[in-house]
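As a starting point, one isolated chain is supplied in structure tokens, in the form predicted alone.
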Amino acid sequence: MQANANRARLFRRPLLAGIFILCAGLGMSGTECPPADNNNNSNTNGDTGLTGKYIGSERCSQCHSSVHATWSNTLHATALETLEAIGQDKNADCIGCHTVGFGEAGGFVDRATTNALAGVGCESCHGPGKDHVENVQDESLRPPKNIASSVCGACHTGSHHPNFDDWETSGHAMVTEHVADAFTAGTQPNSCGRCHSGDFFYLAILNTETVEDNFLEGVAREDMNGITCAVCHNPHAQTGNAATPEEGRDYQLRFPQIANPTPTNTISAATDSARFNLCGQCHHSRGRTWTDTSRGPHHSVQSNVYAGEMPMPETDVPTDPLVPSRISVHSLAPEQCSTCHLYRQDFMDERAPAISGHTFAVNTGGCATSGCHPNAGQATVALTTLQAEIEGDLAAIAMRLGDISTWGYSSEGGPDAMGQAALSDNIKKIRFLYNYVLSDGSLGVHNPDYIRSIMDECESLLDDEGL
């Protein structure tokens, strides 16, 4: 029953997600929310037109005071003021995304008559609140909270703000197919959901709820939330987690944009998301070591490579890794991962629209604006040269190892259990290091010197094996 209840709250097309507080649950009696505060939201204070289905965020604050207080400090709360500051507050192409319900019955008209609907308020994302406040005990009337990126995408779209458009082309937009198949079959959310399911992340990580493995059972892949805007961004509050925000901005990141963990090679540390930055909440090791014979490193070790570390078996001496730890020179980039993967550029004109960075593809423009490289062109040359070097090293290692059926992991075309037991420790170490580099996906860019050390160690071990 719990699984089905969770499921009904979460899916993005078209089901909605949310946890809502009844006024009665806050010690208030009756079936209605408190009346509007005459000092803040009355028909004598610029709200004579506030007679329709929209009630304004101040009315919501009568029950949801803490959320309203933090929202009040965000740029959403003063969105109309940003238009007024540049003389665009009468521009119909802009005002719809800077107010509540503009163009709809009972929605924003102007400051003089519907001032309570100025800015991006509660009802911009949760929908009209009039029916809810008039009967708070009717669950069917509660405004929904939806974690789908399409909610944000209603405004954060187009040539000026293409965040949603870019995100839709990214790997974050859809649950990985084979993982989604398992979720639909009613398995694996608690092992894979944190990084593959926005629905799971919202419930289990952000709301610390217990989620049963079958809570997505029977749900189609296209109806699951991937890593949506609300997974990385807190829609209700400034957080101070951005490293170098533009003046007046915060980006409302749920986790710090930068982190500089001391390299360590224990499994417990390598898998501890609390050590890493925002991207590292998912992009970190799952704990596989060189002694594993079934499967190699998970394709999520980017933060560990960045820190210059890899997990070692608990039976080994963690301070004596296969390769000495070496922190990446790129850890000095002002926004770390975001410097290259979230390069941003303001709108210039329709031929040069804004760049939001939310495709998460590498843009060497960030290498230049960060001051790390003279220009994007030189950064691109450095990147492609390094990647060609590491790609060549990997190819040479694979050639020396020979047919993968003689040395690969058992689940990936390698020998069976008996053959795995017969492999030397050197071969097991080589293949782990080889796959560790492949799993990082950057071909050395995340930590050039560390990856070169790994390549050197592979060659030394191959020499020892006489290959």
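None of these values were measured; they are calculated from a predicted model. Numbers follow the displayed sequence, beginning with 1.
In what follows, reference is made to the form predicted in complex with heme C (HEC), a form of this protein that is not presented.
Novice: Work out which of P324, G103, G218, G171 lies within 4.5 Å of heme C (HEC) in the predicted complex, going by heavy atoms.
Specialist: By the 4.5 Å criterion, the partner-contacting residue is G171.
Novice: With heme C (HEC) left out of view, choose which of C97, L394, A204, I267 has a non-hydrogen atom within 4.5 angstroms of it in the predicted complex.
Specialist: By the 4.5 Å heavy-atom cutoff, the listed residue in contact is C97.
Novice: Assess the spot marked by N260, I390 and R400: is heme C (HEC) within 4.5 Å of a heavy atom from every one of these residues in the predicted complex?
Specialist: No.
Novice: Taking heavy atoms only, is C122 within 4.5 angstroms of heme C (HEC) in the predicted complex?
Specialist: The answer is yes: C122 has a heavy atom within 4.5 Å of heme C (HEC).
Novice: Give a yes/no on whether V109 approaches heme C (HEC) to within 4.5 Å in the predicted complex, heavy atoms considered.
Specialist: The answer is no: V109 has no heavy atom within 4.5 Å of heme C (HEC).
Novice: State yes or no: in the predicted complex, is some non-hydrogen atom of P235 no more than 4.5 angstroms from a non-hydrogen atom of heme C (HEC)?
Specialist: Within the cut-off, so yes.
Novice: Does W290 make contact with heme C (HEC) in the predicted complex, using a 4.5 Å heavy atom cut-off?
Specialist: Output for W290 is no: heavy atoms all beyond 4.5 Å of heme C (HEC).
Novice: Enumerate the residues of 224 to 255 that have a non-hydrogen atom within 4.5 Å of heme C (HEC) in the predicted complex, in sequence order, or give none.
Specialist: Result: I227, T228, C229, A230, V231, C232, H233, P235, H236, Q238, R249, D250, Y251, Q252, L253, R254.
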